[in-house]
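First, one chain by itself in structure tokens, the form predicted on its own.
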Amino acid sequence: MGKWSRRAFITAGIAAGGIVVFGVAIRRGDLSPKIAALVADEGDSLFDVWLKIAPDNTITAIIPHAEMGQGVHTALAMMLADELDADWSTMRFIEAPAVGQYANYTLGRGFVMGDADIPGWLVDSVDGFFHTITRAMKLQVTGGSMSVRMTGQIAMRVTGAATRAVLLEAAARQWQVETRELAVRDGRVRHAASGRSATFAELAPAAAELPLPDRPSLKRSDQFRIMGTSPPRWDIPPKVDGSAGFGIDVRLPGMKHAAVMAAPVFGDRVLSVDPSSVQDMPGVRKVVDLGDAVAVVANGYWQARQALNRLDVRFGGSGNENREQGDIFRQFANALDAADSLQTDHESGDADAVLAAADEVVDAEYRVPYLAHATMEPMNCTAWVRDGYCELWTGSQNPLDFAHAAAEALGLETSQVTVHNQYLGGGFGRRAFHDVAVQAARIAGEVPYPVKLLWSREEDTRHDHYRQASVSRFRAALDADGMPRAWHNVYVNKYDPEEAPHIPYAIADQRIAYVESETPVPWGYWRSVDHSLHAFFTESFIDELAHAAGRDPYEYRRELLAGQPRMLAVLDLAAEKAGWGDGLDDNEGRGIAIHRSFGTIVAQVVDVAIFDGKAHCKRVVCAVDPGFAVHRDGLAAQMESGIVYGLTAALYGEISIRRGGVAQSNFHDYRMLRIDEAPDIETHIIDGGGRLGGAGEPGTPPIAPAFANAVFDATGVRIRELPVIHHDLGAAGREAKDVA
């Protein structure tokens, strides 16, 4: 997938101005004839590429996103069904195939153009432009909390409304009446005056011959009948009864198993490998040199693993074998010290001048470590290469890219690779990277049978694509009332999204800048991406300013957010429901944080208890405003998931570099939050209006600062470096609180 950021999409959007001039040449057009054989059965009527109606009146939403626990198949089908006025009990779904027609053009359009009002005559050209870009980039992505707010809004709702319009038109023509005389509800069109009615299925063949309107009328939120409710999610029953198919579950006739060992030092290559060292071991079939890794194919996975452990192989060549974590943080510090290398991120007023003249300046430095994804289902892919074609069975956040990468590795065309996408046992950004699929394809290309490649947990931990480690430095000038007049922030390495370090607070003079400082550690999208670290930085520092001013942290934020009613409403709701200001026991503390990411505002209040020198999270109260909650239970579940994921990282998460590689290897030294440690979580939803926000990622950013701020409230110890588990909050904490 590469490092394709929102900034890159916006850069591409500059070229979109050309659409007005020559856009007719790149119209998207009706793609349904090109994909009918892939998604439609005999007798089905296909509308665009997103919807088909069967003769039995079942309606199928064709969803271009993977299911990894976020409930996306259900939510997107709800959006389509509501605009269509379908009977929810007749709705079905299939996941879109990994072909170019299902490239995520809606994501490109949504990022660059937002809710721009596009003239009807230009819609098809705009869509064609972004379809051309995303198809060329092999983007069929699930991530970035984009599914509902972009595919749902631009594809599902529009297709539902457009299909409803042509069904009405087909009925009007058939009955020789005006469309305004017709009504639609629960999958049936009715003409009250004559008493005639017809199901969607009866009208669909004729309707499918009509052109879909580019700008159909969409419902107002007060007209929704399905959106805003919580129908049972389609992915839950098969997960409960065991029938759900994950990549790790795939079984094929004659299938063999592969285990892999990558070079332990980043950048190293295979210098030598001796297949004869394992050729006499039971079940061993073949040793494959992958360049930066070696694989053993055997009759069973355990046999492959045992052979891999005995294989005579040497790695080297990168020169990174002496790199240590301390070296990396020293590198970051040196980069920040070099003022001439700073690149401006955001600037307003003259923060430097205000700071130079200020009587009171508060400064702080924060650090966060590398983080792994630690998906519960280890990375895996089953591949079968035969007769000039390749089939892949895996769980992917970008199936089209997986197909392209496998084809490139095998010297095939993308059309010669089929991806059978499965349920994902956790993604969080990790399954957007195609390394395991390329390995599986290359291994399968060496043998005449299908091969399932399964990474061990150790391989998964040590060869991830990691959330970056970073250092962030702050300086703020306080006025006589303790309010910030200037905000100065410099940090290491900018990724995505570009607005992550920006603050919502009314501070006139700001300077936010960064330095680039590359390391050999591979970077990857991690749940909420840069928001995961910048929320910790900024919400911790604003808390420090409140305490420096002798102010209540909640009231301090309120004053700085006075001009932002939606932010203020979310903050107030979280504080109210948490009982902000209510008394706590001596060993307890309460912290608050608010952050906007992926279009959604989330505030969280955390209660902690300190015992045995450690902080224990007791309760989290979450208030969230996504604009409108499409599936309310699903949104609450995603907030809970994001909180647990972020709390795990805040408490325990740390990937450290030792001798050029990752020191951690499994859950004994890369800990997960256990169920007996999980806090009580309550979520309160505000439908604040405006553009829809995401759900999968925005719950994660506020939890680390809210938790750290609660620790300070309980102990007087300010957590400026994660994870919290490294801090002794016993006697040192009591002493710090006494001083404070």
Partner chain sequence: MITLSINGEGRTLDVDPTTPLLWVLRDYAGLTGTKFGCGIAQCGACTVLIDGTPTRSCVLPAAAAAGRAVTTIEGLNRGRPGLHPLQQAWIDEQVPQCGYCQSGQIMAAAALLNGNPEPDDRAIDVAMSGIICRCGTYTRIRRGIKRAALAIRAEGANEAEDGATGPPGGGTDDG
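Numbering follows the first chain given and starts at 1. Because the structure is predicted, anything quoted here is derived from the model rather than measured.
What comes next is about the form predicted together with the partner chain, which is not displayed.
Peer 1: Work out which of Phe200, Phe537, Trp393, Phe428 lies within 4.5 Å of the partner chain in the predicted bound form, going by heavy atoms.
Peer 2: Comparing distances to the partner chain in the predicted bound form, the residue within 4.5 Å is Phe428.
Peer 1: Identify which of Ala372, Ile657, Val492, Met150 has a heavy atom within 4.5 Å of the partner chain in the predicted bound form; exactly one of them does.
Peer 2: Contact residue from the list: Ala372.
Peer 1: Using a 4.5 Å heavy atom cut-off, state whether Gly627 contacts the partner chain in the predicted bound form.
Peer 2: Close contact is absent here: in the predicted bound form, Gly627 is far from the partner chain, nothing within 4.5 Å, heavy atoms only.
Peer 1: Any of the heavy atoms of Met376 lying within 4.5 Å of the partner chain in the predicted bound form?
Peer 2: Yes, Met376 sits close enough to the partner chain in the predicted bound form that at least one of its heavy atoms falls within 4.5 Å.
Peer 1: Any chance Asn666 has a heavy atom within 4.5 Å of the partner chain in the predicted bound form?
Peer 2: Because a heavy atom of Asn666 falls inside 4.5 Å of the partner chain in the predicted bound form, the answer is yes.
Peer 1: Report whether the minimum heavy atom distance between Gly326 and the partner chain in the predicted bound form is within 4.5 Å.
Peer 2: Outside the cut-off, so no.
Peer 1: Looking at heavy atoms inside 4.5 Å, which stretch does the partner chain contact in the predicted bound form, given the options 685-693, 61-69, 44-52, 699-707?
Peer 2: Result for this chain: 61-69.
Peer 1: Indicate whether the candidate residues His420, Pro501 and Pro522 are all in contact with the partner chain in the predicted bound form, with contact defined as any heavy atom within 4.5 Å.
Peer 2: The answer is no: none of the three residues contacts the partner (heavy atom, 4.5 Å cut-off).
Peer 1: Taking the partner chain as it sits in the predicted bound form, which residues of 606-633 have a non-hydrogen atom within 4.5 Å of it? Please list them.
Peer 2: Only Asp633 sits within 4.5 Å of the partner.
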